[in-house]
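Next up: just one chain, as structure tokens, the form predicted alone.
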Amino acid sequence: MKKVITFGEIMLRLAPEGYYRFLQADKYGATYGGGEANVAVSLANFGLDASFVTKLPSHEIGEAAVNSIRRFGVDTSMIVRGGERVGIYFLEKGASQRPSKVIYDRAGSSISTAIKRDFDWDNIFEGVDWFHFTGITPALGDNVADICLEACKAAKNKGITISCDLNYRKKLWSREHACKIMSELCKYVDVCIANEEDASDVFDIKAEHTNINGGIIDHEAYRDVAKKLENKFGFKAVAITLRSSISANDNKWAAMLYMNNEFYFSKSYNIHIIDRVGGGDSFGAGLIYSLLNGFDGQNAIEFAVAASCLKHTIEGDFNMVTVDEVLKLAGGDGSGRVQR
């Protein structure tokens, strides 16, 4: 069985019920999630040996965070315990032309105060095939960026495939700081995952003739973006998700994979969104699963996009679908008919 390590922050998610706004809410639903934790859950659900590495406090909220992913079969044995708090994010779901909103309360979280000696990467990476992190993790502080760099060096020394979802978050750091840190980390990355904005925000590599707010996505322009990313960092593969937002509830969803000097574009899905958070993470997990299992370029991108399409229909951060469900949708059955 293929083994994957993901490294990042898992957070407590607090959200008003339904489509209530923050100012209306008198109660909040509590769940857990975070970029790399979401990927680990997806991969465990797909049947891979997935381990999540982070640092969490030893109190009950920290234990609840651990339990939230362990129940799906994620290996949590290498999670470091210590620090004072679990990071929190508040989510207000958007509807129609009103966008969703996220407010972070994560300063001083356990992972953001971690130090290098918290993680023994040689031991963590024993028998591992793939290592995944996102641009959110190094954005938590220069100390965490240094830990990410140490992890990437250790993984590279062991011949482990490394993937990174650029995942730029302007609320966490500036474009200039992101460019500096991610430029160093991406020297070690084999598979780069990005959305329509990330390459522009982090590396100032722009897609021409594209207006994501106006729903205009020029596929040809993203060929050029992928080539420029490959030329800059030597990536073995570049995947870019292509989201056209009609409204907060309805999007068109597709992606492109550039690998072995070939471009592969997925079919496009019209999706009615139940929960958008974790959509990119589910795509990343689908891509990791398909590449680890030897899918060719076209089938790999179709699997990743189908997995993410299904995630948009599921409440919470985690994508709770099976390989068979993803293959069925990727194969063309998107009718949504009752399965009896």
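Remember, it's a predicted structure, so these values are computed and weren't measured experimentally. Numbers for residues come from their place in the sequence shown, where the first is 1.
Although not depicted, the form predicted together with another copy of the chain is the subject of the following passage.
Taken together, the three residues Tyr20, His59 and Gln97 all lie with some non-hydrogen atom within 4.5 angstroms of another copy of the chain in the model of the complex. Within this chain, Asn249 lines the site of another copy of the chain in the model of the complex, having a heavy atom no more than 4.5 Å away. Lys267 falls outside the set of residues with a heavy atom inside 4.5 Å of another copy of the chain in the model of the complex.
Although the partner is absent here, Arg70 sits close enough that one of its heavy atoms falls within 4.5 Å of another copy of the chain in the model of the complex.
In the model of the complex, at least one heavy atom of Lys171 sits within 4.5 Å of another copy of the chain.
Of the residues given (Ala221, Cys179, Val102, Ile115), Val102 alone sits with a heavy atom within 4.5 Å of another copy of the chain in the model of the complex. Comment: 82 to 90 is the region of 230 to 238, 141 to 149, 82 to 90, 186 to 194 lying near another copy of the chain in the model of the complex, near meaning a non-hydrogen atom within 4.5 Å. In the model of the complex, Cys309, Leu310, Thr313, Ile314, Glu315, Met320, Val321, Glu325, Lys328, Leu329 are the residues of 297 to 329 with at least one heavy atom within 4.5 Å of another copy of the chain, listed from first to last.
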